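The data below hold one chain only, encoded as C-alpha cells and taken in the form predicted alone.
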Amino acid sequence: MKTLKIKAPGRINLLGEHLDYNHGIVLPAAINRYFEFEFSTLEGSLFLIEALDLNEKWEFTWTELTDSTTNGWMNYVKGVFLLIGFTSHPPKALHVRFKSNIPIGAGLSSSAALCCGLAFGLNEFYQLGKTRHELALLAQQTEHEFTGVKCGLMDQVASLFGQANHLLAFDCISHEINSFELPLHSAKLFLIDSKIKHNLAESAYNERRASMEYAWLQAIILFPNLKSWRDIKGDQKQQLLSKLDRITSKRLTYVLDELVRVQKVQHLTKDLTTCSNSSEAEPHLIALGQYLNQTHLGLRDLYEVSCQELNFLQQAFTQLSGVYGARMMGGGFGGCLLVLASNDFTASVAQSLMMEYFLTYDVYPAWIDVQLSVGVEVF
C-alpha cells in the first residue's frame, strides 16, 4: 500500500497585517504548529477523509463530491480536490487522515495550512507536477470560492515557503519572496491566545477589503498613473483622504502607515544581524517593539478590527517589565496577541495578568511558544 505523510505549518506575521490585499510587503513566517496528513491508497471507488481531532469522517465517490453540499472543514477538502486538476482523470480512491495542533480561531491560519497541506500531499501522491507557488494560488482560490473569505496570498505563501529561523518578505504585487534571518539575540516571540473569536470576523474582513478596493478606485480616478499604495506621495495622500468618507479615510491611513512601518522593520532586522551581542541589539529590539505597538493601535483605532479582549491583553502585557511590544495578529475580532519580550520573561511573570483576564472575560488565555519553522514538507 502506498502511503505519504505531510506536515503543513500555520504562521505568524511579524508586521504588515491586512497589507496582503493592499499592495503591500508582508513579513510572515511558518511556525512549529502544523497539520499532519497521511495519504494512502484504497481499493474500490471510495474516498475516505478523516478529521481525527474532530472524530469526524467523510466518505464519498467522485460524482458525489461534485454534487454534494458541504460545510466546515469539508468545504476546504472539496475545494482542493476540485481545483487541483482531477476533473478529466479523477483518482479512483484515496484515504486521507489529518490532525492538527494549530489552535482553531487563533489567527494562525489553520485553514491555509489545511488547504496547503492537502494540496501539497495530493500533488506529491499523484505526481501532478505543480509548483509551490501554484499550490499557494490553488489554496487561496479554495478559500475564495468554497468558504467566501476573500483572503490575500500571505498565509499560503508562509505555509508553503517558510524557512527555519527566517521571516519571509512577500511582495503581494509581484509575488516575489525573499527570506531573511530574524536574529533576536536575548529576545523571543510568543503568542497569547485570547480564546476569543467573534462571529463578525469573516464578514468584517470582507467588508474591510471592499472598503479598500473602493478607496483604490477613488485613488486612480485622482491619480491615473498610480500603480500601488506604495507609490502615493504625501500631498496625494492628503488630497485623497479629503475625498473619502471618515471611515474609509481612517482605514486607508492605517494601510499607508503600515506600509512605512514594514519598510522600517526590514531595515531593523538587517541592523540586528550586524549586532554581536545583546547590548548592541537592545536599542533595535526596543524600536521593533514600538513598531508592534503602533501597529496594534492602528488596527484598534483606524482599521477597527481589534476587540476589547485583545486590547486588554495588549495594554497589560506592554506594561510588564521585559516586554518590548505586542500587537493583535490575524484578521481581527479575536485570536492571538504576538509578543516580543526578553528571553527571561516567562509565563509565571504574567500569571496574575492572565488570571485578571480570566476574571474579566471568563476564559483563560493560552501561552503559545513559537519557533520559526520550515514550510510544508514530507516527513
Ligand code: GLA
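Residue numbers run from 1 along the displayed sequence. Bear in mind the structure is a predicted one, so any value in this text is a computation, not a measurement.
From this point on, the text means the form predicted together with this ligand, which you will not see here.
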**Asked** Taking the shortest heavy atom distance, is Met212 within 4.5 Å of this ligand in the predicted complex?
**Response** no
**Prompt:** Given that the partner is absent here, does Gly105 sit within 4.5 Å of this ligand in the predicted complex, heavy atoms only?
**Reply:** no
**Asked** Any of the heavy atoms of Gly331 lying within 4.5 Å of this ligand in the predicted complex?
**Response** yes
**Item:** in the predicted complex, Ile232 touching this ligand (heavy atom, 4.5 Å)
**Value:** no
**Message:** To test your reading of this chain, name the stretch in 131-139, 239-247, 173-181, 151-159 whose heavy atoms come within 4.5 Å of this ligand in the predicted complex.
**Reply:** 151-159
**Request:** Heavy atom within 4.5 Å of this ligand in the predicted complex: which of Phe190, Tyr205, Trp216, Phe125 fits that? Just give me the one.
**Result:** Tyr205
**Request:** At a 4.5 angstroms cut-off on non-hydrogen atoms, which residues of 346-378 are near this ligand in the predicted complex? List them in order.
**Result:** none
